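Single chain ahead, by itself, as structure tokens, in the form predicted on its own.
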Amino acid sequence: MSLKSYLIQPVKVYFTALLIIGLLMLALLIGNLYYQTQSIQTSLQQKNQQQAQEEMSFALEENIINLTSNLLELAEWDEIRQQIEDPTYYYFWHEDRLKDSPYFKNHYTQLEIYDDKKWLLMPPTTDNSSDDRLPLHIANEEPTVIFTSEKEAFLHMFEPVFEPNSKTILGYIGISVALHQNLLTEHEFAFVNPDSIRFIGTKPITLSELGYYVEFDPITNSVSNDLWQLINHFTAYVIILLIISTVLIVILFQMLFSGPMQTLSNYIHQLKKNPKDAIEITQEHFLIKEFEELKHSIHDYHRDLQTTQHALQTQYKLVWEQARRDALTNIYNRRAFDEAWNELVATFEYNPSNITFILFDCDFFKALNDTYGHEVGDDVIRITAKTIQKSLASEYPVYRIGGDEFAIILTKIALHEAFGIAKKCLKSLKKYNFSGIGIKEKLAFSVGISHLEHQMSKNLRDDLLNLPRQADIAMYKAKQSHQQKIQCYKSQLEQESLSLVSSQVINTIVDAIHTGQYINMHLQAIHSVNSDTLYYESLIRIQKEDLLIYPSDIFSVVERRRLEVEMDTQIIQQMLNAFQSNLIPQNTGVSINISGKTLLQPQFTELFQPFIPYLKDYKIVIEIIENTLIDHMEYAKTVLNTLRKQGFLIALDDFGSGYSSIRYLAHMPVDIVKFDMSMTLALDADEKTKNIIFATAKMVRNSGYDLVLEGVETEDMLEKAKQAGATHIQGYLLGKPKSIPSFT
């Protein structure tokens, strides 16, 4: 059956028609409801409330007038004067005569007579401690309203009793009136609901304030009830109208929208369920033109999608792979590492095996990057990644997880095998000639290894999750060593990394390094052997109140947190402050220790420019440890010779502690050589060892360097140091470190 063409219209035609009908019905409903309720209800409520307020005000005012008039009549009653003059039979008179007289009203809760001193004429026979009872003594003659917890109020009023034809006060008359009962007794309310009257005060008030403390509801107007009945009838009419309208809209929606949409939805569901099959298009016709077009478009699009599906899958795989690759090195990136690690963690408990985590890091990479530029730094990263990957089997990918950090995850191998793989990678890195990209110094790499034997583990998941952190601890240990650049994690390393006294010590050290507070510089004298001159080595201490922190703990935190540059900067600033404050003794000097990381900073020489004005009066020495100087010889020559030309002296610290540096001695840009304390102590060793020390010292002196021996603590050691050829002596024998202020 074919449909007339004019019946197939765009969806907006039907939608607009339905929308107009719905809006008209809704506008009619809202307008009628608003007009019928708001205008009438609001005006009636306002009028009722106003009339009730006026009525209540009038009732209160009239009550006060009546009560005042009654009280005045009482004050004129002769029997009141008689009781004041002779209260012998007061109780009988009060209970019999008074309450039977026309002067005592039903709404009085209490009526009492007071003497001229305002004291109650006779003590009460009942408890008078309640707030609503008249007081024993009149403190204030003004009418007072007392509130109770039952939302009732009592009015206390007092009136003086005079002698006849005189202004002499014989006493006073007092009444207590229950206001609620009084209002209901004395008045017929037309607009106030009597049952709703309530008093809301909590403390005594004056009579003039009473209007603010009374609440009530107006009596409902019969017209208002008729209005609400009309509203109910109207609401029922609206509900019926809405039900009829809803049924019509549902029927139309089913015909125009829901039915076609359901048909198309079923068709799409079949296409999704069988995406590779060619499904015939539905033969059902729709009244809405867009649905007819959509039906044919879905069929056409499905056909086209089948054609392009394979191309999209191929492209998706390519994009997914690129997202997991590091753009600089083309090895797997941090995202790929996280995916692989999370998958390993998720499946490890069900399929446990030996796991080894290896972490590679380039020592002093930031300084190298700052010195040679980011392009050379990028070349180092690319070469490192390529070299490590070539040294590994194809099933073990390398992940770049940080700037210069690379990780390897090994499974199902023993620890000694993993160590061999790491050693092979490190050997390849050492053999690579980085001078081809312009680097003159020897590059060093540190390797940390953590290993999990699943058969030995009591908590597989926790032990697995700890591997990256343990590898980082082992790598940090490798960075501290200049020979053993591969370190395997052991529990002892954990203890070393946490060997600080307490978290208070850690926080104090970090705070001091960042802010300069709590740093207390000490000086230890370095005496000349051939003259009376001396200069001082600056030594850092940190003191906060009674907490004194020594270098061993300071350096442990600084090295772990990698705050060497920040600490050196603070020490340099502290010593500059000492010079500026004239705290350094005249005709002496200071020696400042500098770490390798600080030496490699681009702005290193700028740190010492403020000291130049003091060079004419003081000896200022910059101490560099032996290993740093040898590892970066070419760079150190340039930087240190610049400072030497400005008048600074350079000392080679810890000589003999690490490398065999004798072959570098002639090329070192230094003026002073400081033997490591181990060499000083070796003067007490066997004759062969002592001869080696003597020969080394002689060679240093013949090369033109001053020679400092530190750690001299006895007269015998002093004599042997002099025999060895030392030009300067440092040690507890000649002076312990002292705080700078003690020199002034």
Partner chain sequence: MQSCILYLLKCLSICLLSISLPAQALTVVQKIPTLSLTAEANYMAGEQGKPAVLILHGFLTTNQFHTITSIANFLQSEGFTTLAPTLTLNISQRRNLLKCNSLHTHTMARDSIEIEHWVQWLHAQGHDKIILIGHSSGSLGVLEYLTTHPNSPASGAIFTSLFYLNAPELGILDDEVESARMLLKNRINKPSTYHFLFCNNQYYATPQSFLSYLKMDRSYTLKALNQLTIPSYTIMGGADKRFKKVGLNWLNALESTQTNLIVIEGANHFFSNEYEFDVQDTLLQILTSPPLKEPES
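Numbering follows the first chain given and starts at 1. Bear in mind the structure is a predicted one, so any value in this text is a computation, not a measurement.
Another form exists, predicted together with the partner chain; not displayed. Remarks below refer to it.
> Within a 4.5 Å heavy atom cut-off, is F104 in contact with the partner chain in the predicted bound form?
Heavy-atom contact with the partner chain at 4.5 Å: absent for F104.
> Does the partner chain come within 4.5 Å of any heavy atom of E606 in the predicted bound form?
The answer is no: E606 has no heavy atom within 4.5 Å of the partner chain.
> Looking in the predicted bound form, any heavy atom of T384 within 4.5 Å of the partner chain?
Flag for T384 set to no.
> So in the predicted bound form, does P602 come within 4.5 Å of the partner chain, heavy atom to heavy atom?
Judged by the heavy-atom cut-off of 4.5 Å, P602 is well away from the partner chain in the predicted bound form.
> Among F648, Y108, W93, Y489, which has at least one heavy atom within 4.5 Å of the partner chain in the predicted bound form?
The option sitting close enough to the partner is W93.
> Which residue, S450, Q83, T628, T508, is the contact with the partner chain in the predicted bound form, using a 4.5 Å heavy atom cutoff?
For this set of options, the contacting one is Q83.
> Counting only non-hydrogen atoms, which stretch in 549-557, 141-149, 464-472, 162-170 is within 4.5 Å of the partner chain in the predicted bound form?
Among the listed stretches, the partner-contacting one is 162-170.
> Are there residues in 548-576 with a heavy atom within 4.5 Å of the partner chain in the predicted bound form, and which are they, in order?
If the 4.5 Å heavy-atom criterion is applied to the partner chain in the predicted bound form, 548-576 yields nothing.
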